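Only one chain is included here, represented as structure tokens and corresponding to the form predicted alone.
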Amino acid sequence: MQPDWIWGLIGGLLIGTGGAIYLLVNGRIMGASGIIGALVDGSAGDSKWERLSFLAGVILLPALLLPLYGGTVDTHITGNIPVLVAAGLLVGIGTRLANGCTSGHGVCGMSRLSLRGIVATCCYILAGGVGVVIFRHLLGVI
């Protein structure tokens, strides 16, 4: 068995820990799309700096951990730019439709046994599976 699974486990632990700390410090649920969305649309108000600090940690921590992995990470991401653009747009539209993303619904919502979080998580997991079938197996673009 390849040891790459450990990085997924570590990433999940880091996201869960970040969500717990965000809730304890700010009293609010950590949702990356909500954090970014409030910065983009200007509704962050007084929480602008805490949101920017959170995003800086999300960006900087993997960079700091990169030397532990050996300097290179193979993400298996496609080089097909139109597919990447379409995927980004679909994720953005999906997070707006669901009023949240995987960190808000999947990590924080499910851990609180929120029905809305559980239903949203089931929907985006199903949509991801359908997307893989369509884009990988039927269209062959990823």
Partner chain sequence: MSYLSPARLFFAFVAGGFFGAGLLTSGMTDTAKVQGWLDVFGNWDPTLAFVMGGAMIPMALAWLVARGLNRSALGTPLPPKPGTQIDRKLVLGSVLFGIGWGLAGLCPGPSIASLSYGGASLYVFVAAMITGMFAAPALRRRLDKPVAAE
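Positions refer to the first chain, counted from 1. Everything quoted here is computed from the prediction, not taken from an experiment.
The following text describes the form predicted together with the partner chain, which does not appear among the structures shown.
Asker: I'd like to know whether G27 contacts the partner chain in the predicted bound form, with contact meaning heavy atoms within 4.5 angstroms.
Answerer: Close contact exists here: in the predicted bound form, G27 approaches the partner chain to within 4.5 Å, heavy atoms only.
Asker: Wondering, does G70 line up within 4.5 Å of the partner chain in the predicted bound form on heavy atoms?
Answerer: It does not: once the partner chain is placed as it appears in the predicted bound form, G70 has no heavy atom within 4.5 Å of it.
Asker: Can you tell me which bits of 10 to 33 touch the partner chain in the predicted bound form, meaning any heavy atom within 4.5 Å?
Answerer: The stretch 10 to 33, when checked against the partner chain in the predicted bound form, contributes I10, G11, G12, L13, L14, I15, G16, T17, G18, G19, A20, I21, Y22, L23, L24, V25, N26, G27, R28, I29, M30, A32, S33 at the 4.5 Å heavy-atom cut-off.
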